[in-house]
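In the form predicted alone, a lone chain appears below as structure tokens.
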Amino acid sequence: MKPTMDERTTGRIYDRFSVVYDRTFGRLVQRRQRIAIEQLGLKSGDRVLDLGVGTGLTIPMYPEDVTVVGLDLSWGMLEEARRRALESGRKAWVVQADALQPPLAPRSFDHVLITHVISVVSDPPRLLRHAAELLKPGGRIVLLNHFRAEDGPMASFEKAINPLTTRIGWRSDLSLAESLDGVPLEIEKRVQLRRWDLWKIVVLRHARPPGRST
């Protein structure tokens, strides 16, 4: 049977990981997080959903004139995010909730940022469908994540190690195409720091109805 993610188990894993996250994985991703936020194209007064805010490393990266709502499943991670929000002076609030069941109103955000979350949840397309529902017309969803290579030796390797990575809290075999399956979003652009970067930034918008070019 193919290993799958489970939100209850994942929440416990990241509760434990929260005490070392900033000094380990967090150090690797901060530059990419800044670039991902730049892709949102924020304007003064915008309201942003940071879906899977973790320890809140992204919160001080936002402009001071936008409002940020950070959502995460892990209580341990949110304790760090809450502290960081207070220290940053940003207009930021954090909410503990399951990203697959967000307690938020439709079309209530100008943009949505999702960093290192889509390979953590049990149903990636469902996550993106909810994000699309929460997004106002004309807004962007920006993903920062590892996605499996489409083919070749690396794709085989990423599939092979998935049972191990699933046990420590993330999927190594998730493809971008799988994540977008049946989701009413389209890719606007992709950004990578370098050609062989393990992480990709993907900018999404609401899909245009068939026959419309603008």
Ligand SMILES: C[S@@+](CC[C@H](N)C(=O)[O-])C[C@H]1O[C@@H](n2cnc3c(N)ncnc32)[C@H](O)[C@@H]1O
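So that there is no doubt, residue numbering starts at 1 and follows the sequence shown. These numbers come from a predicted model, not from an experiment.
Keep in mind that the form predicted in complex with the ligand is not shown, yet the notes after this line are about it.
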Counting only heavy atoms and a 4.5 Å cutoff, which of 35 to 43, 171 to 179, 66 to 74, 185 to 193 contacts the ligand in the model of the complex?
66 to 74
Can any non-hydrogen atom of Val112 be found within 4.5 angstroms of the ligand in the model of the complex?
no
Tell me, yes or no, whether Leu49 is in contact with the ligand in the model of the complex, where a contact means a heavy atom of each within 4.5 Å.
no
Taking the shortest heavy atom distance, is Leu57 within 4.5 Å of the ligand in the model of the complex?
yes
Counting only non-hydrogen atoms and a 4.5 angstroms cut-off, does Arg129 reach the ligand in the model of the complex?
no
Option touching the ligand, based on a heavy atom within 4.5 Å in the model of the complex, out of Leu135, Val120, Val94, Val142
Val120
Glu150, Lys159 and Leu198: each with a heavy atom within 4.5 Å of the ligand in the model of the complex?
no
Residues in 79 to 102 that come within 4.5 Å of the ligand in the model of the complex by at least one heavy atom, in order, are Ala97, Asp98, Ala99, Leu100
